[in-house]
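Before any questions on binding or motion, here is one chain by itself as structure tokens, the form predicted alone.
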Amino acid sequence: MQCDVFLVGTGQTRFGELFDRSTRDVMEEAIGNAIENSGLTSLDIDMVVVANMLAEQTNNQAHLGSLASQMLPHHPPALRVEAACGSGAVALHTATALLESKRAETVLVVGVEKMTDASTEDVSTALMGAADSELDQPSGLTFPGIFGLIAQRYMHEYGLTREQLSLVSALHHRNGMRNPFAQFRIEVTPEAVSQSSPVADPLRLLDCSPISDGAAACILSTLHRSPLRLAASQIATDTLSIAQRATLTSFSASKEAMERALREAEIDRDEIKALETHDCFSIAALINLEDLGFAEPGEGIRLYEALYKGRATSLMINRSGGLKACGHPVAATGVKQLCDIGKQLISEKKQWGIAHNFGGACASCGIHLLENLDA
């Protein structure tokens, strides 16, 4: 980092089916909570960056930068960014660039999505905008279908069983029971995951993150300090279509962003003790662990086997419940992950944590490394 950037405030709504709330409502709640948590005033904010993917299709609402800015009394400059489900991470990266360039000293980042206002069919169609409209969509693929193909290939290459894969969602649901902001605060057994309705073979309903509403916000600053320092912000990009990938069982954008982040933070991977990773589908969580370097190829399930049995590991994984239990209002997820990592580092007295957020089939990836200076 070219200067010290601090995470000085966080806030979010509960994620879920918020039928009685508008896009404006959830943004206002998350922003208000972040400002209150920071100890700053609205007037301390120089700029606003909004992450959103679907508002035009699901809410007939564009121009979200202006909508967010008008919630503050001085109407600071604002902009919106989009990178599919990775929009939150790219918004954080954009805010960091504004801070490093000294265009601003304190930036509010808010990720928001209202998905349940539209039908499941319309939401699924809109989400496929994150894939290749020429190479993927004409074949009838949806994202469950894309990750179903990925899971099939992974099982073929590494011998992963259906029963093993079910441990991923089961663990994330167990973690989510402790999170007051999670959409699903219920225990789900591995057997229930395996027996849930088929979606895209071999994936079942409980392998898939849900359709969700919600917002998350954080305040980053070079002027105001806190115990939480953002040590690295990196993004990387891969081909949009999986048809153009060298492999289906590894995401090169995750690998590239991770290596850059470690170099920027000047730390070793084994110093990281908390991870919030993008488990849009259960198979993604395993691939992510391997691409981020926390497990060898095909061995990501070993960490889940240990954690589900209650054995201690050096890495906390999706303590929030991840996308599976928290819910996945797509553009809010990357911002929420950074909020969660900050909470975990403080509560567990750990020094280093990482938020890993991607869009599409990891066509866009963002990595943010956070340091607890009090650990």
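What you see is a predicted model, and the numbers here were worked out from it, not measured in a lab. Note that residue numbering begins at 1 and tracks the sequence as displayed.
The same protein has a further form, the form predicted together with a small molecule, not shown here; the description that follows concerns it.
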With the partner omitted here, the residue among C208, A182, A236, L262 that in the predicted complex has a heavy atom within 4.5 Å of the small molecule is C208
Checked M177, L223, L72, V199 for heavy atoms within 4.5 Å of the small molecule in the predicted complex; positive is V199
Assert contact_stretch over 99-107, 139-147, 226-234, 152-160 against the small molecule in the predicted complex, heavy atom within 4.5 Å, equals 139-147
State yes or no: in the predicted complex, is some non-hydrogen atom of K324 no more than 4.5 angstroms from a non-hydrogen atom of the small molecule? yes
query = Would L167 show up as a contact with the small molecule in the predicted complex if we use heavy atoms at 4.5 Å?
reply = no
Looking in the predicted complex, any heavy atom of I242 within 4.5 Å of the small molecule? no
(message) Taking the small molecule as it sits in the predicted complex, is Y304 in contact with it (heavy atom to heavy atom, 4.5 Å or less)?
(response) no
